[in-house]
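Next up: just one chain, as structure tokens, the form predicted on its own.
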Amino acid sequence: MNFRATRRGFLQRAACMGLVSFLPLRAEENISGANSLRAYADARGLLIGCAVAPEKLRDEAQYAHTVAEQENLLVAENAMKWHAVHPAPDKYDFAPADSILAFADAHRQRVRGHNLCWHEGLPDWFQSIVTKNNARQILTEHIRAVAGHFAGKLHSWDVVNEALNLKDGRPDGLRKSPWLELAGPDYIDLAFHTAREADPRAQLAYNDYGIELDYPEDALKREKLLDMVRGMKKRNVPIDAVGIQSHLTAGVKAPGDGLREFVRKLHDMGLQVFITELDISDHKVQGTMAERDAAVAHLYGDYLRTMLAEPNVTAVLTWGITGKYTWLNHQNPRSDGQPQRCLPFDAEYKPTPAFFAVRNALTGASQHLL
């Protein structure tokens, strides 16, 4: 294969898509120090980060080095969820999560907490122990213990995660989750009030998915979420931010005006927006690796330029940093069996075109004072 001719053809196609400005011009281009994602984000007062696994930070030097070099904000992929920190009704295990905080402290990074209340990730004992008579007490005790353990150390918490599910048919849009069924619809208010009491310094966020696109179902979910947040504000529930997960797919409809208007309505309510779980699946994109990379990078660039133009969008986190470990290889596998290339670094820790798309989007972001 004539590499130069192939690359020249790719650059010509990329130019048509507006991608050339963030493609690496040399394989050896420096992406460390002043050229890192972290440095670009710091220059704009933004937080850039990823979900991490403590065992990989401990055992895989290249993983740890890349996370330390490129990010200024970390979130535990699983290590702070119920099943991880609360393995028995009378037992808590904070060691894995504490190791993330130790890593972050050593590398001058902030940490988000994920999450305090979710319908998934529950420990095995939950179903046999939690009832309508004790659900509110158990939820309160868990949040006090977990948020209290990390009090004063975290940037923010995803207090309640994915509480909306329009397919369940409730007028308020709430998911028929164990928490709704056992603790009642005000469990969300209870969780936020308890989190604020346990850690007055952390910013408190509600986090959800399926609100990014201009499909009717996404638009309706955005409206239900806005209604929920307006009600919380009216009841003086302490909420500081909304997390937009942003699991996107290249080759389909991209986020549009509806999401931008949603973000601005949150701004009008005094709420920040965090992009909390960004990745872009390429399972619907056919063609060469270069063509797949171009489609993914194009969507990263468009999405982040749109979002970071809004002054209340203050943090961007990808759900992982390397395609080596992405959940999308299992959730949305490619029909050709090839691994997904959905994150800023590939399985060999080489920057993908998405890396340069993210970096360029950071350059044009609104200035923030954190």
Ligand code: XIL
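Model, not experiment: these values are computed from the prediction. Start at 1 with the first residue shown and count on from there.
The form predicted together with this ligand is left out here; the points below concern that form.
Asker: Partner absent here, but in the model of the complex, which of 91-99, 257-265, 126-134, 70-78 has residues with a heavy atom within 4.5 Å of this ligand?
Answerer: Partner-contacting stretch among the options: 70-78.
Asker: Verify the flagged residues 162, 207 and 327 against this ligand in the model of the complex: is each one within 4.5 Å by a non-hydrogen atom?
Answerer: Each of the three qualifies.
Asker: Quick one: does residue 150 come within 4.5 Å of this ligand in the model of the complex, counting heavy atoms only?
Answerer: Looking in the model of the complex, residue contacts with this ligand do not include residue 150, since no heavy atom lies within 4.5 Å.
Asker: Decide whether residue 222 counts as a contact residue for this ligand in the model of the complex under a heavy atom distance cut-off of 4.5 Å.
Answerer: Output for residue 222 is no: heavy atoms all beyond 4.5 Å of this ligand.
Asker: Looking in the model of the complex, any heavy atom of residue 118 within 4.5 Å of this ligand?
Answerer: Flag for residue 118 set to yes.
Asker: Please run the contact check for residue 114 against this ligand in the model of the complex: heavy atoms, 4.5 angstroms, yes or no?
Answerer: Taking the distances in the model of the complex, the answer for residue 114 is yes, it comes within 4.5 Å of this ligand.
Asker: Quick check on this chain: which one of 63, 40, 319, 303 has a heavy atom within 4.5 Å of this ligand in the model of the complex?
Answerer: None of the others qualify; the residue that does is 319.
Asker: Only one of 218, 277, 199, 293 has a non-hydrogen atom within 4.5 angstroms of this ligand in the model of the complex; which is it?
Answerer: Among 218, 277, 199, 293, a heavy atom within 4.5 Å of this ligand in the model of the complex occurs only for 277.
Asker: Would you give me the residues of 232-263 that have any heavy atom within 4.5 Å of this ligand in the model of the complex, in order from first to last?
Answerer: 245, 247 sit within 4.5 Å of the partner.
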